[in-house]
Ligand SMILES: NC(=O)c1ccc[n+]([C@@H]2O[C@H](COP(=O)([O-])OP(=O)(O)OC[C@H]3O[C@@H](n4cnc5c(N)ncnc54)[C@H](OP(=O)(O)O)[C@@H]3O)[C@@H](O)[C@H]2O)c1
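Single chain ahead, by itself, as C-alpha coordinates, in the form predicted on its own.
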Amino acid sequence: MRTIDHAGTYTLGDRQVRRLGYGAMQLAGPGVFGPPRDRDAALAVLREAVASGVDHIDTSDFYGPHVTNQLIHEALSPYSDDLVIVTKVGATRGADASWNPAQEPAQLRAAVHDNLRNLGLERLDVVNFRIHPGHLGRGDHSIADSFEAMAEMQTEGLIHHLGISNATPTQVAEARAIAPIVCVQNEYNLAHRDDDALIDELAADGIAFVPFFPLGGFSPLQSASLSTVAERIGATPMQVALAWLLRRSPNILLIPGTSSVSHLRENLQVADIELPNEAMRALDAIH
(Lines give C-alpha, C1' and ligand atoms only; values in the text may rest on other atoms or scores of the structure.)
Protein backbone atom coordinates (compact mmCIF):
# COMPACT_ATOMS: atom_id res chain seq x y z
CA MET A 1 0.00 0.00 0.00
CA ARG A 2 1.32 3.42 -0.90
CA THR A 3 1.81 6.00 1.79
CA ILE A 4 0.09 9.38 1.77
CA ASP A 5 2.71 12.06 1.29
CA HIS A 6 1.64 15.20 3.10
CA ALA A 7 4.79 16.97 1.88
CA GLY A 8 3.12 17.52 -1.48
CA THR A 9 4.64 17.46 -4.93
CA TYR A 10 6.78 19.67 -7.14
CA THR A 11 7.62 19.87 -10.81
CA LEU A 12 10.76 18.08 -11.98
CA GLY A 13 11.03 18.78 -15.67
CA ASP A 14 7.68 17.82 -17.17
CA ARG A 15 6.69 15.58 -14.26
CA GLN A 16 5.10 16.12 -10.87
CA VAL A 17 7.00 14.17 -8.25
CA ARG A 18 6.59 13.73 -4.52
CA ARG A 19 9.00 15.99 -2.68
CA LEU A 20 10.40 13.09 -0.67
CA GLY A 21 12.50 10.84 -2.90
CA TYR A 22 15.31 8.36 -2.38
CA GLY A 23 19.08 8.60 -2.86
CA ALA A 24 20.76 5.34 -3.88
CA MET A 25 24.38 6.20 -3.02
CA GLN A 26 24.45 4.16 0.20
CA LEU A 27 23.50 0.98 -1.63
CA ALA A 28 27.09 0.54 -2.79
CA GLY A 29 29.82 -0.86 -0.55
CA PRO A 30 31.87 1.04 2.06
CA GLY A 31 33.09 4.37 0.73
CA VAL A 32 30.49 4.11 -2.06
CA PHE A 33 32.82 1.55 -3.66
CA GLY A 34 32.24 -2.06 -4.62
CA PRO A 35 29.19 -4.24 -4.06
CA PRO A 36 26.80 -3.89 -1.12
CA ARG A 37 27.37 -5.90 2.03
CA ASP A 38 23.93 -7.46 1.53
CA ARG A 39 22.68 -7.47 -2.06
CA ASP A 40 19.22 -8.81 -1.20
CA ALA A 41 18.77 -6.07 1.40
CA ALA A 42 19.74 -3.42 -1.16
CA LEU A 43 17.20 -4.75 -3.64
CA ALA A 44 14.56 -4.83 -0.90
CA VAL A 45 15.15 -1.16 -0.02
CA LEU A 46 14.62 -0.09 -3.62
CA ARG A 47 11.43 -2.11 -3.96
CA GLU A 48 10.11 -0.86 -0.63
CA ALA A 49 10.81 2.75 -1.62
CA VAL A 50 8.75 2.49 -4.79
CA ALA A 51 6.01 0.48 -3.06
CA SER A 52 5.80 3.26 -0.45
CA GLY A 53 5.17 5.93 -3.07
CA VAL A 54 8.67 7.23 -3.85
CA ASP A 55 8.61 8.34 -7.47
CA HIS A 56 12.08 9.82 -7.96
CA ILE A 57 15.39 8.14 -7.29
CA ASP A 58 18.81 9.79 -7.33
CA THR A 59 21.77 7.73 -8.51
CA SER A 60 24.98 7.78 -10.54
CA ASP A 61 27.07 5.28 -12.42
CA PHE A 62 30.10 6.37 -10.42
CA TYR A 63 28.49 4.95 -7.28
CA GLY A 64 30.23 1.61 -7.03
CA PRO A 65 31.09 2.25 -9.85
CA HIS A 66 28.11 0.82 -11.76
CA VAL A 67 26.75 -0.91 -8.65
CA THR A 68 23.75 1.24 -7.75
CA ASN A 69 22.52 1.55 -11.33
CA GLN A 70 22.72 -2.20 -11.80
CA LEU A 71 20.83 -2.73 -8.55
CA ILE A 72 18.13 -0.26 -9.64
CA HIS A 73 17.81 -2.07 -12.96
CA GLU A 74 17.52 -5.46 -11.28
CA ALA A 75 15.08 -4.33 -8.60
CA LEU A 76 12.77 -2.04 -10.55
CA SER A 77 12.91 -2.81 -14.28
CA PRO A 78 10.63 -2.67 -16.17
CA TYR A 79 10.18 0.77 -14.66
CA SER A 80 6.85 2.25 -13.69
CA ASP A 81 5.70 5.09 -15.92
CA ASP A 82 5.61 7.44 -12.92
CA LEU A 83 9.19 6.76 -11.77
CA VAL A 84 11.80 9.45 -12.51
CA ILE A 85 15.43 8.37 -12.29
CA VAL A 86 17.89 11.23 -11.82
CA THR A 87 21.56 10.48 -12.40
CA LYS A 88 24.76 12.50 -12.56
CA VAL A 89 28.01 12.58 -14.50
CA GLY A 90 31.32 14.35 -14.02
CA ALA A 91 33.54 11.87 -12.15
CA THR A 92 35.08 8.44 -12.37
CA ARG A 93 36.38 6.07 -9.70
CA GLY A 94 39.93 4.84 -9.45
CA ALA A 95 40.90 1.29 -8.53
CA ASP A 96 41.83 2.71 -5.11
CA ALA A 97 38.26 4.03 -4.67
CA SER A 98 39.41 7.59 -5.42
CA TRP A 99 37.02 10.14 -6.92
CA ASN A 100 38.51 11.64 -10.08
CA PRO A 101 37.19 14.45 -12.27
CA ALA A 102 35.78 13.46 -15.66
CA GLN A 103 34.54 16.78 -16.98
CA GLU A 104 35.68 16.71 -20.61
CA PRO A 105 33.00 16.31 -23.32
CA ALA A 106 34.22 12.84 -24.35
CA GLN A 107 34.24 11.70 -20.72
CA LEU A 108 30.73 13.03 -20.14
CA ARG A 109 29.47 11.22 -23.24
CA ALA A 110 31.03 7.96 -22.07
CA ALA A 111 29.41 8.42 -18.67
CA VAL A 112 25.98 9.00 -20.18
CA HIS A 113 26.28 5.78 -22.17
CA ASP A 114 27.41 3.91 -19.02
CA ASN A 115 24.28 5.15 -17.22
CA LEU A 116 22.04 4.18 -20.12
CA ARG A 117 23.51 0.68 -20.30
CA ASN A 118 23.51 -0.07 -16.58
CA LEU A 119 20.05 1.35 -15.97
CA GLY A 120 18.67 -0.38 -19.06
CA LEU A 121 17.26 2.82 -20.55
CA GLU A 122 17.21 4.35 -24.02
CA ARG A 123 16.94 7.88 -22.63
CA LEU A 124 17.88 9.26 -19.21
CA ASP A 125 15.10 11.20 -17.44
CA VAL A 126 17.34 13.80 -15.76
CA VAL A 127 21.14 14.10 -15.77
CA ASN A 128 23.00 16.43 -13.43
CA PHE A 129 26.39 17.67 -14.52
CA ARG A 130 28.30 17.50 -11.25
CA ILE A 131 31.18 19.93 -11.00
CA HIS A 132 33.87 17.86 -9.36
CA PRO A 133 35.16 19.32 -6.08
CA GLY A 134 38.72 18.39 -7.03
CA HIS A 135 38.44 20.12 -10.38
CA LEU A 136 39.70 23.64 -9.59
CA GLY A 137 37.62 23.56 -6.40
CA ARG A 138 34.12 24.97 -6.04
CA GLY A 139 34.65 28.29 -7.77
CA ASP A 140 33.36 30.36 -10.61
CA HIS A 141 35.45 28.84 -13.39
CA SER A 142 33.58 28.43 -16.68
CA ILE A 143 31.67 25.21 -17.29
CA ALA A 144 30.64 26.15 -20.83
CA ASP A 145 32.47 23.36 -22.70
CA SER A 146 31.15 20.69 -20.37
CA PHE A 147 27.58 21.92 -20.27
CA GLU A 148 27.45 22.48 -24.02
CA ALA A 149 28.35 18.80 -24.38
CA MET A 150 25.45 17.93 -22.07
CA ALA A 151 23.09 20.08 -24.13
CA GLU A 152 24.28 18.36 -27.30
CA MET A 153 23.40 14.95 -25.87
CA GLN A 154 20.00 16.30 -24.89
CA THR A 155 19.43 17.42 -28.48
CA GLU A 156 20.42 13.94 -29.64
CA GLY A 157 17.74 12.41 -27.41
CA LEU A 158 20.06 10.64 -24.96
CA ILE A 159 18.94 12.93 -22.11
CA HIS A 160 15.46 14.30 -21.47
CA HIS A 161 16.23 17.00 -18.88
CA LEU A 162 19.41 18.62 -17.59
CA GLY A 163 20.48 19.68 -14.12
CA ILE A 164 23.64 20.83 -12.40
CA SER A 165 25.30 19.92 -9.12
CA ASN A 166 27.93 21.39 -6.79
CA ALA A 167 27.61 24.68 -8.66
CA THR A 168 27.93 28.31 -7.67
CA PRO A 169 25.15 30.76 -8.57
CA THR A 170 27.40 32.06 -11.37
CA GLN A 171 27.78 28.58 -12.81
CA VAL A 172 24.05 27.95 -12.52
CA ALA A 173 23.44 31.11 -14.53
CA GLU A 174 26.05 30.06 -17.10
CA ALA A 175 24.39 26.65 -17.50
CA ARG A 176 20.94 28.22 -17.87
CA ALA A 177 22.25 30.46 -20.64
CA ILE A 178 23.27 27.33 -22.57
CA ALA A 179 20.20 25.13 -21.99
CA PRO A 180 17.22 24.94 -19.62
CA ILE A 181 17.81 23.14 -16.34
CA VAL A 182 15.19 21.47 -14.15
CA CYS A 183 17.15 21.08 -10.91
CA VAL A 184 20.18 22.17 -8.93
CA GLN A 185 21.77 19.71 -6.48
CA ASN A 186 24.05 21.39 -3.91
CA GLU A 187 25.08 21.01 -0.30
CA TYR A 188 22.56 22.79 1.89
CA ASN A 189 21.24 22.25 5.39
CA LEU A 190 20.35 24.01 8.62
CA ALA A 191 23.98 24.90 9.32
CA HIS A 192 25.16 25.61 5.77
CA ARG A 193 22.86 28.04 4.02
CA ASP A 194 25.05 29.74 1.43
CA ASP A 195 22.44 28.95 -1.23
CA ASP A 196 19.51 30.72 0.47
CA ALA A 197 19.24 33.34 -2.26
CA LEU A 198 19.75 30.77 -5.03
CA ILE A 199 16.93 28.59 -3.68
CA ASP A 200 14.53 31.53 -3.73
CA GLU A 201 15.61 32.51 -7.25
CA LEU A 202 15.07 28.97 -8.53
CA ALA A 203 11.70 28.72 -6.78
CA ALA A 204 10.55 31.83 -8.60
CA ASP A 205 11.44 30.13 -11.89
CA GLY A 206 9.91 26.75 -11.06
CA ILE A 207 13.25 24.93 -10.79
CA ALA A 208 13.80 22.26 -8.15
CA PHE A 209 16.60 22.46 -5.57
CA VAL A 210 17.88 19.15 -4.21
CA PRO A 211 20.08 19.46 -1.08
CA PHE A 212 22.65 16.88 -0.13
CA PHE A 213 24.38 16.32 3.23
CA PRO A 214 21.33 17.33 5.33
CA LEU A 215 23.40 16.85 8.50
CA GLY A 216 26.84 17.60 7.06
CA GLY A 217 29.28 19.92 8.82
CA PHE A 218 27.30 20.64 11.99
CA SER A 219 29.29 21.89 14.97
CA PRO A 220 28.73 20.13 18.32
CA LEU A 221 26.68 23.11 19.53
CA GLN A 222 24.52 23.08 16.39
CA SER A 223 24.01 19.32 16.71
CA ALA A 224 22.97 19.75 20.34
CA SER A 225 20.43 22.42 19.40
CA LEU A 226 18.97 20.16 16.71
CA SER A 227 18.78 17.24 19.12
CA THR A 228 16.95 19.39 21.66
CA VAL A 229 14.26 20.31 19.13
CA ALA A 230 14.01 16.69 17.96
CA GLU A 231 13.50 15.42 21.50
CA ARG A 232 10.86 18.08 22.14
CA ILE A 233 8.70 17.01 19.18
CA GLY A 234 9.40 13.27 19.43
CA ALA A 235 11.43 12.78 16.28
CA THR A 236 15.03 11.97 15.36
CA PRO A 237 17.51 14.76 14.53
CA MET A 238 17.64 13.56 10.90
CA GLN A 239 13.87 13.64 10.63
CA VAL A 240 13.76 17.19 11.99
CA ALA A 241 16.54 18.36 9.66
CA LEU A 242 14.67 16.91 6.69
CA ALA A 243 11.33 18.34 7.84
CA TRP A 244 12.93 21.79 8.11
CA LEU A 245 14.15 21.49 4.53
CA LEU A 246 10.66 20.61 3.33
CA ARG A 247 9.27 23.68 5.05
CA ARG A 248 12.13 25.94 3.93
CA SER A 249 10.88 26.23 0.33
CA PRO A 250 8.31 24.41 -1.82
CA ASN A 251 10.87 23.73 -4.58
CA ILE A 252 13.12 21.64 -2.32
CA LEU A 253 13.13 17.92 -3.14
CA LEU A 254 14.73 15.52 -0.69
CA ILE A 255 16.74 12.39 -1.49
CA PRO A 256 17.70 10.83 1.87
CA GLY A 257 19.59 7.59 1.37
CA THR A 258 19.83 4.40 3.35
CA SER A 259 20.59 0.71 2.89
CA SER A 260 18.02 -0.32 5.52
CA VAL A 261 14.27 -0.82 5.02
CA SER A 262 13.56 0.27 8.60
CA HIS A 263 15.60 3.47 8.14
CA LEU A 264 13.85 4.09 4.82
CA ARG A 265 10.48 3.95 6.58
CA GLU A 266 11.78 6.33 9.23
CA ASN A 267 12.85 8.78 6.53
CA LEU A 268 9.50 8.59 4.77
CA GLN A 269 7.72 9.50 8.01
CA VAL A 270 9.22 12.98 7.60
CA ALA A 271 6.36 13.81 5.26
CA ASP A 272 3.97 13.67 8.23
CA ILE A 273 6.04 15.81 10.62
CA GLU A 274 4.66 19.26 11.28
CA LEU A 275 7.14 21.68 12.81
CA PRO A 276 5.47 24.22 15.13
CA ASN A 277 6.53 27.83 14.78
CA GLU A 278 8.60 27.76 17.96
CA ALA A 279 10.53 24.77 16.62
CA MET A 280 11.16 26.59 13.34
CA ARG A 281 12.49 29.61 15.25
CA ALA A 282 14.85 27.42 17.24
CA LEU A 283 16.03 25.64 14.09
CA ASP A 284 16.52 28.87 12.15
CA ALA A 285 18.69 30.09 15.01
CA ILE A 286 21.11 27.21 14.43
CA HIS A 287 22.43 29.07 11.41
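All residue numbers refer to positions in the sequence shown, first residue = 1. Fair warning: this is a prediction, and the values are worked out from it, not measured in the lab.
Not on display, but discussed next: the form predicted together with the ligand.
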Identify whether the ligand in the model of the complex is within 4.5 Å of every residue in the set 66, 118 and 151, based on non-hydrogen atoms.
-> no
The one residue among 216, 78, 206, 157 placing a heavy atom within 4.5 Å of the ligand in the model of the complex is 216
Can residue 25 be called a contact residue for the ligand in the model of the complex at 4.5 Å between heavy atoms?
-> yes
Residue 36 within 4.5 Å of the ligand in the model of the complex, heavy atoms | no
Given that the partner is absent here, does residue 258 sit within 4.5 Å of the ligand in the model of the complex, heavy atoms only?
-> yes
4.5 Å heavy atom contact, residue 165 to the ligand in the model of the complex | yes
Exactly one listed stretch (141 to 149, 172 to 180, 105 to 113, 207 to 215) reaches within 4.5 angstroms of the ligand in the model of the complex by non-hydrogen atoms, and it is 207 to 215
Which residues in 260 to 275 have a heavy atom within 4.5 Å of the ligand in the model of the complex?
-> 260, 263, 266, 267
Mind checking the CA-CA distance of residue 275 and residue 218 in the model of the complex? It differs by 3 Å or more from this form, so is it closer or farther?
-> farther
Hey, the CA atoms of residue 218 and residue 196 end up closer or farther in the model of the complex than in the shown form, with the change being 3 Å or more?
-> farther
